[in-house]
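This text opens with one protein chain seen in two forms, each one given by itself as structure tokens under the names structure 1 and structure 2.
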Structure 1
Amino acid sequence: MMLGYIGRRTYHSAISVIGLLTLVFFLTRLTGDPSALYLPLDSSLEAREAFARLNGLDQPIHVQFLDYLQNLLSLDFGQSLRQNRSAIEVALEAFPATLKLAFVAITLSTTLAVIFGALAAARPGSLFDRAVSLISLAGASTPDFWIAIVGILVFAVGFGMLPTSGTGTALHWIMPIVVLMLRPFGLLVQVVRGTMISVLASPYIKTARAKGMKRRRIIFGHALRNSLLPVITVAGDLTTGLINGAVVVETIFGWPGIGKLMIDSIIQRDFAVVQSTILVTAIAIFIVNIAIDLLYVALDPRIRY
């Protein structure tokens, strides 16, 4: 059953990814011949034509596409025009940096959101609840690029407490992670709080309470488990959205991840790298989605595929 389900999902996703790659292939080629971008400004027309010929950019677009597909079959993802090496190698090299960032951000924000959301739901309307609600709403509403540069201004330039950007020590992680966490945290707190409130109002919790069970155990033992499913759904969706944040965060903090690579290679018209990063990202997102489905089964015995 399960294997069949995963097989079906893989099949559907593969079609989606191929569709996406095709779309992106033609979209990027529509922007025209990038030869001039790779040569000095005062290079001659002949030099530009020679460059296009050397890299197969002078071929009609459908020929280029067939070549691309053919190479894809033999797992050749093309050469990066900019970096003189295999495009997939460039993409895979940048991927772990983003993965680490995204993983830490989503784990931290989920954990914190569950704790704060549950505590807020325990006493709806209390000062704590209102404070958590406001903070979470603010988190979900903050433009990430803005808070990132304000953060640099205050903590790196103003107080000199944190490094401005880059990677290296643990201190380098703080600002990118916090900025990346804001939105998922904000949204998740609201989800946790909302579902907790309705779960806590359900008859079985009332029974447990009537039997004199401790508050803490009710909240974190019984109620929480039942409100985890929607949290996981939303967290899964947020993981996709996290890549959006990563593009911005990586650009501002000079984090050498796939988001920055993607935007750089789009700007530089490094087509093979754009395609490879999309492939890598799409596969990663697919794996996350499968993992979430499996988690669902594990958490809720009623669900079968």
Structure 2
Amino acid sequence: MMLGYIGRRTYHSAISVIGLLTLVFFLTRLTGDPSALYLPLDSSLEAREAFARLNGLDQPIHVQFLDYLQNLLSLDFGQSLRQNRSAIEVALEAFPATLKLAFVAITLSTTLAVIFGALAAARPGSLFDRAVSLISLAGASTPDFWIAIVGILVFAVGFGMLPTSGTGTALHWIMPIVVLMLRPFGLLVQVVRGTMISVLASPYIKTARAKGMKRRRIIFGHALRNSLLPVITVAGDLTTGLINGAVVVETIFGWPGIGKLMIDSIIQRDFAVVQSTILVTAIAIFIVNIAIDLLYVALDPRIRY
């Protein structure tokens, strides 16, 4: 049953990926002629034609697209114009940096959100609850790029405490992770708090209290477990968002991930690398979604494939 479910999800995801790659293929061609970037400004018409012929850009657009699909079937993802090597290798080399950043950010934000959201739900209306709600709403509604720019101005330019780009030391990780954490933390705190308040009002929780069960065990041993499914749903969506949407943060902080590579490749009209980064990102998002669905069944046996 599980294998059949994964097979159906793979089939539908493959259709979506093909549609996405088709859209990306035609949109990248609208950015201009790559020969204007990779050849001298005074290059002759013959040189430009030879460049186009060498890279398969001399054919009509529909012929280029059919060639691209045929190459995909043989696992040929094209060559990078800028690096003169396999485009998929370039994308796969950059992807781990994005994956590490997204993993650390979503792990920390989920852990902190569960703790603070559960404690806030335990005392609704208290000063702690209002403070957590205010911070979470601010984190969920403030744009990432604005937080990143302010962080650079304050902690890098103003105090000189943190570097502005790179991955050399632990200090290089602080600002990118904090910026990526704020929105997931804000959204997850609200989900955990709302779900926990509802669960804590359930009859079985009242029965546990009447039997004299300790407050900590009620909150973290019973109520929290039954509140995890909505949290996992939102955390999964946020994880795919971090993988797919870390472009701005990576660009601002010079993080050598797949998001920055995508932007650089678009600017440099490196079509094959753009298409490869989209493909790698789409497959990663599909795998995350499958893992979340399987986790549902592990947490709640009532759910079926």
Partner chain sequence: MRRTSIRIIAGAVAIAGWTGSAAAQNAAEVNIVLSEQPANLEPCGTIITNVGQILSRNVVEPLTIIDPASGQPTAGLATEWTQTDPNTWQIKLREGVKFQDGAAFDAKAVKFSIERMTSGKVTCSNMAKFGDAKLTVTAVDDHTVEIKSDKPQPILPTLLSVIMVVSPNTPADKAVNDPVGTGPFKLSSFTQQTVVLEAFDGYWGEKPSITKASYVWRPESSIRAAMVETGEADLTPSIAIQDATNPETDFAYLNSETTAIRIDAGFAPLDDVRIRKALNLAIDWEGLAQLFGADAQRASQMAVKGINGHDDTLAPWAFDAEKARALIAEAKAAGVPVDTEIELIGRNGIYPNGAEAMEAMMAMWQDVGLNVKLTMLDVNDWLRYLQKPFPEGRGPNLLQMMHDNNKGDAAFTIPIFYSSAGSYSTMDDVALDKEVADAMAATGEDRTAKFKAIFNKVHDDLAVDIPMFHMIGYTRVGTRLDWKPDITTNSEIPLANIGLKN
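For clarity, a rigid core is taken as the largest C-alpha set superposing within 1.5 Å between two forms. Just so you know, these numbers come straight off a predicted model, no measurement behind them. Counting starts at 1 with the first residue of structure 1 and goes up one by one along its sequence.
Original post:
If only one of the two is the form predicted alone, which is it?
Top reply: Structure 2, which is the form predicted alone, differs in this respect from structure 1.
**OP:** Could you tell me whether the Cα atom of residue 43 shifts by at least 2 Å between structure 1 and structure 2 after core superposition?
**Re:** Comparing forms between structure 1 and structure 2, the residue 43 CA shifts at least 2 Å.
Original post:
Comparing between structure 1 and structure 2 on the rigid core, is the C-alpha shift at residue 30 2 Å or larger?
Top reply: Yes, its C-alpha moves 2 Å or more.
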